[in-house]
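Just the one chain here, the form predicted on its own, laid out as C-alpha cells.
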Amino acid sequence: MKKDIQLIALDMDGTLLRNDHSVSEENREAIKTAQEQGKAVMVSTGRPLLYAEKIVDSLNLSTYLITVNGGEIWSPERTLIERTIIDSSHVEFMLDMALKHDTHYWSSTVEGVFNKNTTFPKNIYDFQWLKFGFDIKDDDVRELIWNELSMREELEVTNSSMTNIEVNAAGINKAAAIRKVCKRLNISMDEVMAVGDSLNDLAMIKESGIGVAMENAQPKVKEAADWVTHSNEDHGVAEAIRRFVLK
C-alpha cells in the first residue's frame, strides 16, 4: 500500500507517547526525517492544549495542532482557528450521572481543567465546556452510561482507554478536524496517514488514506485499520512512518 502521504496525524497517549509519557528517540528521529522530506506531522489528541503543548513544542512541529478530540484546532503559530463547545445543559446531565453512579469524572473547559478531586465548578453555565469524561471501572455501569449518552444526538461519544468515556459536541472528532486542516493545506484525506489506539482515533483511522493502529490498540481500532504497527513502547509511530512515508 504505497500512497503519497503528505500529512501524518498522530494521537499522543498510547501512540506517540510511551507509558511514562515520554517520546522515544526513534519516534523523534522518524518525525524529524519526515519533516525534512517535506511532510507535515501533526498531533491530534484528546488532551487540552495545556497538557499537549510542551510535548508538541519539543518535537519542533511546524503545522496545525488538534486538541480535545477536535474540539479545538490551532494554527502553526498556536492561534485558535476553531473551537466547538458542549451545551452546558448536557454537562449538567453528565455530572448528575457521574454523581449518581459515583464514578470518577473530569472536564476540559476553555477556562481550565477540572476533575472530581479538584474544585469542580458550582455554576456550570459560567464555563465553556470542550469535553467531559468519565473513568469507570465497573463494566455494567460504563455500558449503562455509554448507552444513555449515545441516545443524545447532540453528543459525540468515544473513549481514550478501555475504562473511560469521552464526550464532545456532536460531529466533533479527530477526522472532522483533520478534514479542515487538509482544506487549509490543499490536500485530500487520501494523503493522510493517521495513527492511534483508542475509539477517539477510530474516525481518523477509517477516513485517512492510511489508517494505522498500534499493537496496543483496542480491538475495534485494529479491525478498522489498514495496518497494525508495533506498540507505543516499541516505537510503533516510527515504524509506521518508515514503512509508509519515508523515501
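Residue numbers run from 1 along the displayed sequence. What you see is a predicted model, and the numbers here were worked out from it, not measured in a lab.
Omitted here: the form predicted in complex with a small molecule. The next part is about that form.
Heavy atoms within 4.5 Å of the small molecule in the predicted complex map, among the stretches 208-216, 38-46, 178-186, 57-65, onto 38-46 alone. With a 4.5 Å cutoff on heavy atoms, residue 166 counts as touching the small molecule in the predicted complex. Under a 4.5 angstroms non-hydrogen atom cutoff, the small molecule in the predicted complex has residue 12 among its neighbouring residues. Interface membership of residue 160, defined by any non-hydrogen atom within 4.5 Å of the small molecule in the predicted complex, is confirmed.
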